Ligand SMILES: C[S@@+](CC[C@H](N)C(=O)[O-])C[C@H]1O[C@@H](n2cnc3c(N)ncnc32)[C@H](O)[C@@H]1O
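In the form predicted alone, a lone chain appears below as structure tokens.
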Amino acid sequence: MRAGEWVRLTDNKGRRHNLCLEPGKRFFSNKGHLEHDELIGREEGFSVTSSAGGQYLVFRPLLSEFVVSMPRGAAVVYPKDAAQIVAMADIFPGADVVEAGVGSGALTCSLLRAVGPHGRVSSYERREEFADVARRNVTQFFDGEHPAWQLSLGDLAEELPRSGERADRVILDMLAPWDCVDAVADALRPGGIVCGYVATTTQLSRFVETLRAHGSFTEPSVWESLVRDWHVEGLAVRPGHKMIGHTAFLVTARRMAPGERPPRKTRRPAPGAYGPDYTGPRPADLPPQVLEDTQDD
């Protein structure tokens, strides 16, 4: 391990500390102190004892560990969701990816790892203070500027059409992703994927229905992931007391070729789905019977 690198110390109770190695400096805790010089130059994966007898495991932080402990400007995309986005949006080496809402840079790190040095991740962020935090975090994790990353200030709905960018994948982590659907449709290559990350059911409904009404995307897929840890000790095998429950809903849809529309759904919507209380976008190809039922309501 070299000076300037970040390492993670974990004590015997699972408490974690991240520090940047600097020659001549000390790390202090309620278990005494450690000299940074004792860590520099060693291979990761060892234990060290502090001046007061505290024991620590020393490793470089994993990406999943780094993003949940890094400084935040906005809420981070949790590792469980970042992994789903990389897999289900099929982020591949060399891909051109557009990201709207950089937040604190957590998802950006996963996207950059997935596209590699020959891909491109273009991130758009409306708030300068969030962009500054994300830039510091991404640069810290990759130990310098990543050659595949470009961060721009501005609204995706305005900046993406102006840039003339073409993309294989677009990831929307923002309050109103439905405002960007036209810009996304113009930028995505045929067969490309849009992926939305939304927190509430009202956001979910409006985004999905906007994609349907637009007509240039396949039927959206919607899901969420829940993670529960387990305690395993001899015959004592049971669910853990901690669980990462709902963090956000994920939505994906694929871009049709220009001028093409997906086949009409043959399954009728649930009764009342588009009734008088529904005020959002409506699919353009609702069967006539559904419209009649809606008017009767």
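Everything quoted here is computed from the prediction, not taken from an experiment. The first residue of the sequence shown is number 1, and the count goes up from there.
Just so you know, the form predicted together with the ligand exists too; it's not on screen, but the next bit is about it.
With the partner removed from view, the residue among D155, E165, D182, E219 that has a non-hydrogen atom within 4.5 Å of the ligand in the predicted complex turns out to be D155. Checked against the ligand in the predicted complex, the candidates V97, L211, M174, L188 yield a single residue with a heavy atom inside 4.5 Å, and that residue is M174. Across the proposed site, A3, K25 and V58 without exception lack any heavy atom within 4.5 Å of the ligand in the predicted complex.
In the predicted complex, the ligand lies within 4.5 Å of some heavy atom of V77. Heavy atoms of F141 never reach within 4.5 Å of the ligand in the predicted complex, leaving it off the interface. Not displayed here, the ligand is approached by G105 to within 4.5 Å at the level of heavy atoms in the predicted complex.
Although the partner is absent here, G119 lies well away from the ligand in the predicted complex, with no heavy atom inside 4.5 Å. Only one segment in the set 141-149, 188-196, 202-210, 126-134 has residues whose heavy atoms sit within 4.5 Å of the ligand in the predicted complex; it is 126-134.
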